[in-house]
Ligand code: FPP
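What follows is a single chain, given as structure tokens, in the form predicted on its own.
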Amino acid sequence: MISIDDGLARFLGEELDEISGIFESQLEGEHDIINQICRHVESYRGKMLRPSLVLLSALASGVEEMSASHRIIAAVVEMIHMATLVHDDVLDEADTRRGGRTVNDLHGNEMAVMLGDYLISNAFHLCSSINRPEVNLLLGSTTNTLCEGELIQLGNRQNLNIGEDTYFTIVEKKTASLIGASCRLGAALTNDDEDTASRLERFGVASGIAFQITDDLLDLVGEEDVVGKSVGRDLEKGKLTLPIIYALGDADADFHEHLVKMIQSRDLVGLRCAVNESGAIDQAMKKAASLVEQAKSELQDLPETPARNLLAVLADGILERRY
């Protein structure tokens, strides 16, 4: 087990506090009703994975001192992520996020949709302040990709024939692309080493896909009071995730029919048991573990530093997620 440098942990804590301040300052305005709803969505931030990846990728790329641009872009990627969560809760009709009520549950879908749009517009307004057009272009491309992933997923709701390839296309676009971009930007804002930036981006993409697999598993087998958000929403909305795709793909005719009936009747408890007994949950976890190893292999040629070590630890931690 790699130990994490105490100095690095303190440094990250201090930097994340500064980034939180940038996030809050950008959203603070003259209208109380907007400020109130923005303060509520700040509770979604959790562990601030994407800003942490910006910082750690910068450190792994050899940054000597974190710049204002690093901190601003770390706040930007978190703002984009928050927007996707607000919109996802609308699409999924979710009522719980991180143990609290979602914006759409508190204020309705119209307010939630507009808040997500407001977060996106503020993210790009803030991004423009560093005067790096290439960063705007990369994040613009990434947000396009996020939307593509969501549209493909929406177009495949209720599709019981969705394959593994389509699932991975959705996951790479909808989740992994922003994680990969966070890693690339941390490196790109540090120096012009394209090889390091590409390695870190590939690390982020592979880690992001593994992260989404575990998130989908938690939605299937997790408990809401532990996970901290609504569970069973994928089934409710007709979204087939990897364990169910594996179970359907390996099933004989009778078991396939049994699975389809449970999916169509939204029988979460029965589906959990059947998919688990089929071995598909273990199969999905093995795929996530393989992706984590793939991600860590991208770090091997980088200089061994506390930041590189922590990136590897974060990747391993994906397989231990409970929330």
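All residue numbers refer to positions in the sequence shown, first residue = 1. Because the structure is predicted, anything quoted here is derived from the model rather than measured.
Below: the form predicted together with the named molecule, not depicted.
- The stretch among 130-138, 243-251, 193-201, 76-84 whose residues place heavy atoms within 4.5 Å of the named molecule in the model of the complex is 76-84.
- Residue contact check for N122: none of its heavy atoms lie within 4.5 Å of the named molecule in the model of the complex.
- R71 falls outside the set of residues with a heavy atom inside 4.5 Å of the named molecule in the model of the complex.
- Taking the partner from the other structure, the named molecule in the model of the complex has a heavy atom within 4.5 Å of a heavy atom of T175.
- In the model of the complex, the named molecule sits beyond 4.5 Å of every heavy atom of N156.
- Contact with the named molecule in the model of the complex, judged by any heavy atom within 4.5 Å, is made by just one of C147, M114, V221, L160: C147.
- Interface residues of 82-98, taken as those with a heavy atom within 4.5 Å of the named molecule in the model of the complex (partner not displayed): A83, T84, L85, H87, D88, D89, L91, D92, R97, in sequence order.
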